[in-house]
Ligand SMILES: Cc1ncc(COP(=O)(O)O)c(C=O)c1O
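The chain that follows stands alone, in the form predicted alone, written as C-alpha coordinates.
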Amino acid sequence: MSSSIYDLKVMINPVRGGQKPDYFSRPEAEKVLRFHQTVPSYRPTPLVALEELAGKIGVGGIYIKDESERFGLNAFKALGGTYAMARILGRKLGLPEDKLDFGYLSSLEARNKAGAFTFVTATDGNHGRGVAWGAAQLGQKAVVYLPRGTARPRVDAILETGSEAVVTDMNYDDTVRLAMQKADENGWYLVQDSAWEGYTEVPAWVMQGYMTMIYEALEQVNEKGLKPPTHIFLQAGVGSMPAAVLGFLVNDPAIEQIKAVILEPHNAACIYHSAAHKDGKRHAVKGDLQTIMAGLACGEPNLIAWDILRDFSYAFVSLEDYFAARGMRVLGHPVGSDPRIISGESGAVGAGLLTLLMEKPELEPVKDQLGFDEGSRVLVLNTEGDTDPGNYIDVTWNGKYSLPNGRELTYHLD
(Lines give C-alpha, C1' and ligand atoms only; values in the text may rest on other atoms or scores of the structure.)
Protein backbone atom coordinates (compact mmCIF):
# COMPACT_ATOMS: atom_id res chain seq x y z
CA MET A 1 0.00 0.00 0.00
CA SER A 2 1.23 3.53 -0.71
CA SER A 3 2.12 6.15 1.85
CA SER A 4 -1.42 7.48 1.50
CA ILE A 5 -2.46 4.61 3.86
CA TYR A 6 -5.90 4.28 2.25
CA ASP A 7 -6.81 2.72 -1.08
CA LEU A 8 -9.44 5.39 -1.55
CA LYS A 9 -9.99 8.83 -0.07
CA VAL A 10 -13.28 10.65 -0.60
CA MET A 11 -14.31 14.16 0.37
CA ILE A 12 -17.88 15.32 -0.09
CA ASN A 13 -17.81 19.01 -0.97
CA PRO A 14 -19.46 20.73 2.01
CA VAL A 15 -20.23 24.03 0.27
CA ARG A 16 -21.35 24.17 -3.34
CA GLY A 17 -22.38 27.22 -5.31
CA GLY A 18 -20.86 30.41 -6.56
CA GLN A 19 -20.70 32.60 -9.62
CA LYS A 20 -21.34 30.50 -12.70
CA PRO A 21 -18.58 30.76 -15.30
CA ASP A 22 -20.08 32.45 -18.36
CA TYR A 23 -17.05 31.40 -20.38
CA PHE A 24 -18.41 27.85 -20.41
CA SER A 25 -22.03 28.52 -21.32
CA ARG A 26 -23.99 26.71 -24.01
CA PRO A 27 -23.68 29.61 -26.50
CA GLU A 28 -19.90 29.53 -26.06
CA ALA A 29 -19.89 25.76 -26.50
CA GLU A 30 -21.85 26.09 -29.72
CA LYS A 31 -19.22 28.47 -31.14
CA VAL A 32 -16.51 25.95 -30.28
CA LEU A 33 -18.47 23.08 -31.81
CA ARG A 34 -19.01 25.03 -35.04
CA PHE A 35 -15.26 25.47 -35.30
CA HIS A 36 -14.53 21.80 -34.64
CA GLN A 37 -17.03 20.84 -37.32
CA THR A 38 -14.77 22.59 -39.85
CA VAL A 39 -11.87 20.22 -39.04
CA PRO A 40 -11.81 17.71 -41.94
CA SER A 41 -11.55 14.64 -39.67
CA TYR A 42 -14.25 15.82 -37.25
CA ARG A 43 -17.09 13.54 -36.29
CA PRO A 44 -18.77 13.05 -32.92
CA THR A 45 -17.12 10.31 -30.89
CA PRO A 46 -19.40 7.43 -29.82
CA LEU A 47 -21.54 7.38 -26.71
CA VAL A 48 -22.10 3.78 -25.64
CA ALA A 49 -24.63 2.53 -23.07
CA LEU A 50 -23.24 -0.51 -21.25
CA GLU A 51 -26.60 -2.00 -20.36
CA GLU A 52 -25.43 -5.43 -19.27
CA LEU A 53 -22.65 -4.08 -17.07
CA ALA A 54 -25.13 -1.66 -15.47
CA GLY A 55 -27.48 -4.56 -14.73
CA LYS A 56 -24.68 -6.71 -13.36
CA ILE A 57 -23.44 -4.15 -10.83
CA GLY A 58 -26.87 -2.71 -9.99
CA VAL A 59 -27.08 0.81 -11.41
CA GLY A 60 -29.63 2.33 -13.76
CA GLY A 61 -27.20 3.13 -16.56
CA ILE A 62 -23.56 3.42 -17.55
CA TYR A 63 -22.80 5.76 -20.46
CA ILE A 64 -19.27 5.81 -21.89
CA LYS A 65 -18.21 8.73 -24.06
CA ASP A 66 -15.39 7.12 -26.03
CA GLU A 67 -12.76 9.74 -26.85
CA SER A 68 -10.28 7.13 -28.07
CA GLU A 69 -11.71 7.84 -31.55
CA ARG A 70 -11.22 11.63 -31.54
CA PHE A 71 -9.51 12.82 -34.76
CA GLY A 72 -7.75 9.45 -35.01
CA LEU A 73 -5.46 10.55 -32.14
CA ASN A 74 -6.60 8.11 -29.43
CA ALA A 75 -7.50 10.90 -26.97
CA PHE A 76 -9.67 13.99 -26.50
CA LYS A 77 -6.94 16.56 -25.96
CA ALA A 78 -6.75 17.91 -29.53
CA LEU A 79 -10.15 19.52 -28.95
CA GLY A 80 -8.50 22.10 -26.72
CA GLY A 81 -5.22 22.59 -28.56
CA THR A 82 -6.79 23.08 -31.98
CA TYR A 83 -9.28 25.62 -30.68
CA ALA A 84 -6.63 27.62 -28.82
CA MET A 85 -4.33 27.70 -31.85
CA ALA A 86 -7.27 28.78 -34.01
CA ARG A 87 -8.00 31.65 -31.61
CA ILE A 88 -4.33 32.73 -31.73
CA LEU A 89 -4.22 32.62 -35.53
CA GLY A 90 -7.66 34.19 -35.81
CA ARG A 91 -6.58 37.15 -33.72
CA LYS A 92 -3.51 37.62 -35.92
CA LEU A 93 -5.77 37.59 -39.00
CA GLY A 94 -8.46 39.81 -37.48
CA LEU A 95 -11.13 37.08 -37.51
CA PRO A 96 -13.93 37.07 -34.91
CA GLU A 97 -14.22 33.92 -32.81
CA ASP A 98 -17.50 32.87 -34.42
CA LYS A 99 -15.93 33.01 -37.90
CA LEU A 100 -13.03 30.65 -37.30
CA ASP A 101 -12.71 28.00 -39.98
CA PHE A 102 -10.04 25.31 -39.86
CA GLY A 103 -9.92 25.02 -43.64
CA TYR A 104 -9.23 28.71 -44.09
CA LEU A 105 -6.71 28.88 -41.23
CA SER A 106 -4.73 26.05 -42.82
CA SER A 107 -4.87 27.58 -46.31
CA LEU A 108 -1.88 29.09 -48.07
CA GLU A 109 -3.63 32.47 -48.09
CA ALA A 110 -4.04 32.45 -44.31
CA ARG A 111 -0.49 31.23 -43.73
CA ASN A 112 0.91 33.98 -45.95
CA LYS A 113 -1.09 36.63 -44.10
CA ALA A 114 -0.43 35.32 -40.59
CA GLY A 115 3.19 34.31 -41.09
CA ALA A 116 5.07 31.43 -39.52
CA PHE A 117 4.18 30.34 -35.97
CA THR A 118 5.89 27.96 -33.60
CA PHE A 119 3.61 26.63 -30.88
CA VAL A 120 5.18 25.17 -27.75
CA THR A 121 3.71 23.16 -24.91
CA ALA A 122 4.50 20.78 -22.07
CA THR A 123 2.62 17.52 -21.83
CA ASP A 124 2.35 14.05 -20.34
CA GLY A 125 1.52 12.90 -23.87
CA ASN A 126 -2.01 13.47 -25.13
CA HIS A 127 -2.14 17.27 -25.00
CA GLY A 128 1.22 17.55 -26.71
CA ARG A 129 0.22 15.15 -29.44
CA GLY A 130 -2.94 17.20 -30.00
CA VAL A 131 -0.98 20.44 -30.27
CA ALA A 132 1.61 18.84 -32.54
CA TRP A 133 -1.07 17.35 -34.81
CA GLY A 134 -3.06 20.59 -34.92
CA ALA A 135 0.01 22.67 -35.72
CA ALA A 136 0.96 20.30 -38.55
CA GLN A 137 -2.57 20.41 -39.95
CA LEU A 138 -2.45 24.21 -39.86
CA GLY A 139 0.91 24.30 -41.64
CA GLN A 140 2.73 25.56 -38.55
CA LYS A 141 5.45 24.19 -36.26
CA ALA A 142 5.31 22.79 -32.74
CA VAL A 143 7.87 21.98 -30.04
CA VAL A 144 6.69 19.67 -27.26
CA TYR A 145 8.41 19.11 -23.90
CA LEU A 146 7.65 15.97 -21.89
CA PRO A 147 8.53 15.00 -18.30
CA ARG A 148 10.96 12.25 -17.39
CA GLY A 149 9.58 8.75 -17.58
CA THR A 150 7.22 9.48 -20.48
CA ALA A 151 6.40 6.23 -22.29
CA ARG A 152 8.21 5.95 -25.61
CA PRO A 153 5.04 5.40 -27.69
CA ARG A 154 3.72 8.76 -26.48
CA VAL A 155 6.93 10.47 -27.59
CA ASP A 156 6.87 8.68 -30.95
CA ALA A 157 3.28 9.74 -31.56
CA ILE A 158 4.38 13.38 -31.32
CA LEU A 159 7.42 12.87 -33.53
CA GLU A 160 5.23 11.25 -36.18
CA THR A 161 3.46 14.59 -36.70
CA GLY A 162 6.76 16.17 -37.74
CA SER A 163 7.05 18.15 -34.51
CA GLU A 164 10.00 18.27 -32.15
CA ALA A 165 9.62 16.27 -28.91
CA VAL A 166 12.03 16.80 -25.99
CA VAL A 167 11.95 14.56 -22.91
CA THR A 168 13.27 16.44 -19.87
CA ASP A 169 14.71 15.20 -16.58
CA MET A 170 11.95 17.05 -14.68
CA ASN A 171 8.46 16.30 -13.43
CA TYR A 172 5.41 17.67 -15.25
CA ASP A 173 5.11 21.00 -13.43
CA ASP A 174 8.78 21.87 -13.88
CA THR A 175 8.51 20.87 -17.54
CA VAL A 176 5.68 23.39 -17.91
CA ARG A 177 7.98 26.08 -16.53
CA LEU A 178 10.65 25.06 -19.03
CA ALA A 179 8.18 25.36 -21.93
CA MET A 180 7.19 28.80 -20.69
CA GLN A 181 10.87 29.83 -20.56
CA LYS A 182 11.50 28.56 -24.10
CA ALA A 183 8.47 30.44 -25.38
CA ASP A 184 9.81 33.68 -23.89
CA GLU A 185 13.33 33.11 -25.19
CA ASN A 186 12.33 32.21 -28.75
CA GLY A 187 9.15 34.20 -29.37
CA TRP A 188 7.07 31.02 -29.56
CA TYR A 189 3.37 30.79 -28.67
CA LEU A 190 2.72 28.82 -25.49
CA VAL A 191 -0.38 26.62 -25.72
CA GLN A 192 -0.81 25.18 -22.24
CA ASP A 193 -3.92 23.78 -20.59
CA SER A 194 -2.81 25.02 -17.21
CA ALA A 195 -3.28 28.61 -16.06
CA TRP A 196 -1.46 30.80 -13.56
CA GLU A 197 -1.23 34.48 -12.68
CA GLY A 198 -0.47 36.35 -15.90
CA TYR A 199 -1.31 33.41 -18.17
CA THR A 200 -5.04 32.76 -18.38
CA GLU A 201 -6.36 33.67 -21.82
CA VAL A 202 -4.89 30.79 -23.86
CA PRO A 203 -5.65 28.15 -21.18
CA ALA A 204 -9.25 29.38 -21.12
CA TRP A 205 -9.42 28.83 -24.89
CA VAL A 206 -7.98 25.33 -24.46
CA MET A 207 -10.60 24.59 -21.82
CA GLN A 208 -13.40 25.93 -24.00
CA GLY A 209 -12.29 23.48 -26.66
CA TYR A 210 -13.06 20.58 -24.32
CA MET A 211 -16.74 21.57 -24.17
CA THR A 212 -17.37 19.87 -27.51
CA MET A 213 -17.00 16.53 -25.73
CA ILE A 214 -19.75 17.13 -23.14
CA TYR A 215 -21.97 18.96 -25.65
CA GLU A 216 -21.86 15.93 -27.95
CA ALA A 217 -22.37 13.50 -25.07
CA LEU A 218 -25.56 15.12 -23.80
CA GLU A 219 -26.95 15.47 -27.31
CA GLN A 220 -26.28 11.75 -27.84
CA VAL A 221 -28.04 10.85 -24.58
CA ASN A 222 -31.14 12.62 -25.91
CA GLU A 223 -30.85 11.16 -29.40
CA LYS A 224 -30.62 7.63 -28.03
CA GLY A 225 -33.64 8.14 -25.78
CA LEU A 226 -31.60 7.51 -22.64
CA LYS A 227 -32.48 8.94 -19.28
CA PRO A 228 -30.16 11.82 -18.33
CA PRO A 229 -27.17 11.01 -16.13
CA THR A 230 -27.35 11.54 -12.39
CA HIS A 231 -23.56 11.37 -11.92
CA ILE A 232 -20.47 12.12 -13.97
CA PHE A 233 -16.91 11.02 -13.26
CA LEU A 234 -14.30 13.62 -14.24
CA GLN A 235 -10.59 12.86 -14.16
CA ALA A 236 -8.35 15.72 -13.08
CA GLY A 237 -4.75 16.49 -13.85
CA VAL A 238 -4.42 20.25 -13.51
CA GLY A 239 -8.23 20.33 -13.62
CA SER A 240 -8.80 21.89 -17.04
CA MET A 241 -11.03 19.23 -18.57
CA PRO A 242 -13.27 18.62 -15.53
CA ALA A 243 -13.68 22.36 -14.94
CA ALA A 244 -14.69 22.97 -18.56
CA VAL A 245 -17.23 20.14 -18.43
CA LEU A 246 -18.55 21.15 -15.01
CA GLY A 247 -18.71 24.80 -16.05
CA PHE A 248 -20.89 23.79 -18.99
CA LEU A 249 -23.15 21.64 -16.79
CA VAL A 250 -23.82 24.25 -14.11
CA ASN A 251 -24.75 26.86 -16.71
CA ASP A 252 -27.74 24.78 -17.84
CA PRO A 253 -30.66 24.55 -15.35
CA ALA A 254 -31.77 21.26 -16.92
CA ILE A 255 -28.52 19.46 -16.09
CA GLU A 256 -26.84 21.46 -13.35
CA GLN A 257 -27.86 18.93 -10.66
CA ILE A 258 -25.66 16.17 -12.06
CA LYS A 259 -23.26 15.10 -9.30
CA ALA A 260 -19.71 15.64 -10.54
CA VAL A 261 -17.13 13.40 -8.86
CA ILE A 262 -13.51 14.46 -9.43
CA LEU A 263 -10.96 11.62 -9.67
CA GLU A 264 -7.18 11.77 -9.18
CA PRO A 265 -4.31 9.38 -8.45
CA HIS A 266 -2.98 9.52 -4.89
CA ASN A 267 0.48 10.77 -5.83
CA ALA A 268 -0.81 13.67 -7.95
CA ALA A 269 -4.06 14.62 -6.23
CA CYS A 270 -3.64 18.39 -6.31
CA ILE A 271 -7.39 19.10 -6.52
CA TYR A 272 -8.22 16.80 -3.58
CA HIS A 273 -5.23 18.21 -1.70
CA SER A 274 -6.47 21.77 -2.28
CA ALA A 275 -9.99 20.89 -1.19
CA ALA A 276 -8.68 19.17 1.94
CA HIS A 277 -7.13 22.42 3.17
CA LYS A 278 -10.65 23.91 3.32
CA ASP A 279 -9.36 27.44 2.83
CA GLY A 280 -10.60 27.88 -0.77
CA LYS A 281 -7.07 28.23 -2.11
CA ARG A 282 -4.97 26.14 -4.50
CA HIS A 283 -2.31 23.90 -3.00
CA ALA A 284 0.36 22.07 -4.97
CA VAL A 285 1.51 18.48 -4.62
CA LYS A 286 5.28 18.04 -4.89
CA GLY A 287 7.53 15.16 -5.89
CA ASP A 288 7.73 12.75 -8.80
CA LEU A 289 3.92 12.47 -9.13
CA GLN A 290 4.37 8.79 -10.04
CA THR A 291 1.23 7.05 -11.31
CA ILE A 292 0.18 4.85 -14.22
CA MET A 293 -2.39 7.55 -14.99
CA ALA A 294 0.23 9.60 -16.83
CA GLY A 295 -2.25 12.13 -18.15
CA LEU A 296 -3.21 12.99 -14.57
CA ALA A 297 0.32 13.27 -13.16
CA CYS A 298 0.14 17.00 -12.42
CA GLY A 299 0.89 18.70 -9.13
CA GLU A 300 -0.37 22.27 -9.52
CA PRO A 301 -4.05 23.14 -10.12
CA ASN A 302 -5.05 25.36 -13.02
CA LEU A 303 -5.93 28.81 -11.67
CA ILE A 304 -9.17 29.04 -13.70
CA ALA A 305 -10.16 25.43 -13.14
CA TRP A 306 -9.75 25.43 -9.38
CA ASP A 307 -12.43 28.05 -8.75
CA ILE A 308 -14.98 26.05 -10.75
CA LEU A 309 -14.09 22.70 -9.20
CA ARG A 310 -14.05 24.19 -5.70
CA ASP A 311 -17.48 25.77 -6.11
CA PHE A 312 -19.43 23.14 -8.03
CA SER A 313 -17.96 19.64 -7.61
CA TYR A 314 -20.01 17.18 -5.59
CA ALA A 315 -17.05 15.18 -4.33
CA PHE A 316 -13.27 14.82 -4.64
CA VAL A 317 -11.66 11.38 -4.82
CA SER A 318 -8.03 10.31 -4.56
CA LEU A 319 -7.24 6.67 -5.29
CA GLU A 320 -4.65 4.01 -6.02
CA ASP A 321 -3.55 3.03 -9.51
CA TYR A 322 -5.27 -0.34 -9.38
CA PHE A 323 -8.67 1.34 -9.70
CA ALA A 324 -7.60 2.51 -13.16
CA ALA A 325 -6.21 -0.91 -14.06
CA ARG A 326 -9.50 -2.50 -12.98
CA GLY A 327 -11.37 -0.12 -15.30
CA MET A 328 -9.13 -1.02 -18.24
CA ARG A 329 -9.92 -4.71 -17.74
CA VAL A 330 -13.65 -4.16 -17.21
CA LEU A 331 -14.06 -2.08 -20.37
CA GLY A 332 -11.76 -4.32 -22.40
CA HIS A 333 -13.62 -7.53 -21.41
CA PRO A 334 -17.31 -6.58 -21.69
CA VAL A 335 -20.31 -8.28 -20.16
CA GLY A 336 -22.60 -10.14 -22.57
CA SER A 337 -23.49 -8.08 -25.63
CA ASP A 338 -21.93 -4.85 -24.36
CA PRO A 339 -19.33 -3.53 -26.82
CA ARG A 340 -15.63 -3.66 -26.05
CA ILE A 341 -13.98 -0.33 -25.24
CA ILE A 342 -10.22 0.10 -25.32
CA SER A 343 -9.39 2.50 -22.55
CA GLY A 344 -6.04 3.73 -21.28
CA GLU A 345 -5.00 4.32 -17.72
CA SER A 346 -6.42 7.83 -17.34
CA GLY A 347 -9.57 7.04 -19.31
CA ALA A 348 -10.58 3.95 -17.34
CA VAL A 349 -10.40 5.12 -13.75
CA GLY A 350 -14.09 6.07 -13.55
CA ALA A 351 -15.26 2.65 -14.70
CA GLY A 352 -12.88 0.98 -12.27
CA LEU A 353 -14.10 3.00 -9.31
CA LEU A 354 -17.78 2.55 -10.14
CA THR A 355 -17.61 -1.24 -10.45
CA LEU A 356 -15.69 -1.60 -7.20
CA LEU A 357 -18.01 0.73 -5.30
CA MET A 358 -21.00 -1.33 -6.37
CA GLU A 359 -19.37 -4.74 -5.80
CA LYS A 360 -17.26 -4.39 -2.64
CA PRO A 361 -19.28 -4.55 0.61
CA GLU A 362 -16.54 -2.74 2.51
CA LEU A 363 -17.01 0.30 0.25
CA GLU A 364 -20.74 0.58 0.85
CA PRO A 365 -20.43 3.71 3.06
CA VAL A 366 -18.58 5.45 0.22
CA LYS A 367 -21.17 4.30 -2.31
CA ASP A 368 -23.93 5.67 -0.11
CA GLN A 369 -22.21 9.02 0.42
CA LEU A 370 -21.76 9.45 -3.32
CA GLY A 371 -25.42 8.61 -3.85
CA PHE A 372 -25.05 5.49 -6.01
CA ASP A 373 -28.00 3.09 -6.10
CA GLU A 374 -30.11 1.10 -8.56
CA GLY A 375 -31.44 4.33 -10.09
CA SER A 376 -28.08 5.98 -10.70
CA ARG A 377 -27.03 6.71 -14.27
CA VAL A 378 -23.34 7.41 -14.61
CA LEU A 379 -21.59 9.23 -17.44
CA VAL A 380 -17.93 8.20 -17.79
CA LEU A 381 -15.55 10.02 -20.11
CA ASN A 382 -13.06 7.59 -21.63
CA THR A 383 -10.53 10.29 -22.30
CA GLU A 384 -7.93 8.06 -23.99
CA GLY A 385 -7.36 4.71 -25.61
CA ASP A 386 -4.22 2.59 -25.39
CA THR A 387 -1.74 5.45 -25.72
CA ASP A 388 0.88 3.20 -24.09
CA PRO A 389 0.19 -0.11 -25.91
CA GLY A 390 2.79 -2.09 -23.98
CA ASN A 391 1.34 -1.14 -20.61
CA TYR A 392 -2.17 -1.77 -21.91
CA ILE A 393 -1.20 -5.36 -22.71
CA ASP A 394 0.52 -5.79 -19.34
CA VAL A 395 -2.58 -4.60 -17.52
CA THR A 396 -5.28 -6.35 -19.52
CA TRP A 397 -3.44 -9.58 -20.36
CA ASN A 398 -1.02 -10.03 -17.50
CA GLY A 399 -2.92 -8.52 -14.59
CA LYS A 400 -0.44 -5.76 -13.83
CA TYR A 401 -1.57 -3.41 -11.05
CA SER A 402 -4.11 -5.92 -9.73
CA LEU A 403 -6.16 -5.33 -6.61
CA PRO A 404 -4.45 -6.31 -3.35
CA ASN A 405 -4.92 -10.00 -2.60
CA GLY A 406 -6.46 -11.22 0.60
CA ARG A 407 -7.63 -7.97 2.15
CA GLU A 408 -10.53 -5.58 2.03
CA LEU A 409 -10.13 -2.19 0.37
CA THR A 410 -9.72 0.64 2.82
CA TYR A 411 -11.07 4.17 2.57
CA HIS A 412 -11.12 7.51 4.29
CA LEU A 413 -14.37 9.45 4.06
CA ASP A 414 -14.42 13.14 4.90
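Everything quoted here is computed from the prediction, not taken from an experiment. Position 1 is the first residue in the sequence shown; the rest follow in order.
Same protein, other form: the form predicted together with the named molecule, not shown, and the subject of what follows.
The shortest heavy atom separation between residue 236 and the named molecule in the predicted complex is within 4.5 Å.
Taking non-hydrogen atoms only, residue 320 never approaches the named molecule to within 4.5 angstroms in the predicted complex. In the predicted complex, the named molecule stays beyond 4.5 Å of every heavy atom belonging to residue 324.
Remark: residue 341 does not count among the residues lining the named molecule in the predicted complex, judged by a heavy atom distance of 4.5 Å or less. Only one listed stretch (295-303, 92-100, 134-142, 277-285) carries heavy atoms within 4.5 Å of the named molecule in the predicted complex, and that stretch is 295-303. Checked against the named molecule in the predicted complex, the residues 192, 175, 240, 163 give one hit for a heavy atom within 4.5 Å, which is 240.
Contacts between stretch 374-391 and the named molecule, counted in the predicted complex as any heavy atom lying within 4.5 Å, involve 383, 384, listed in sequence order.
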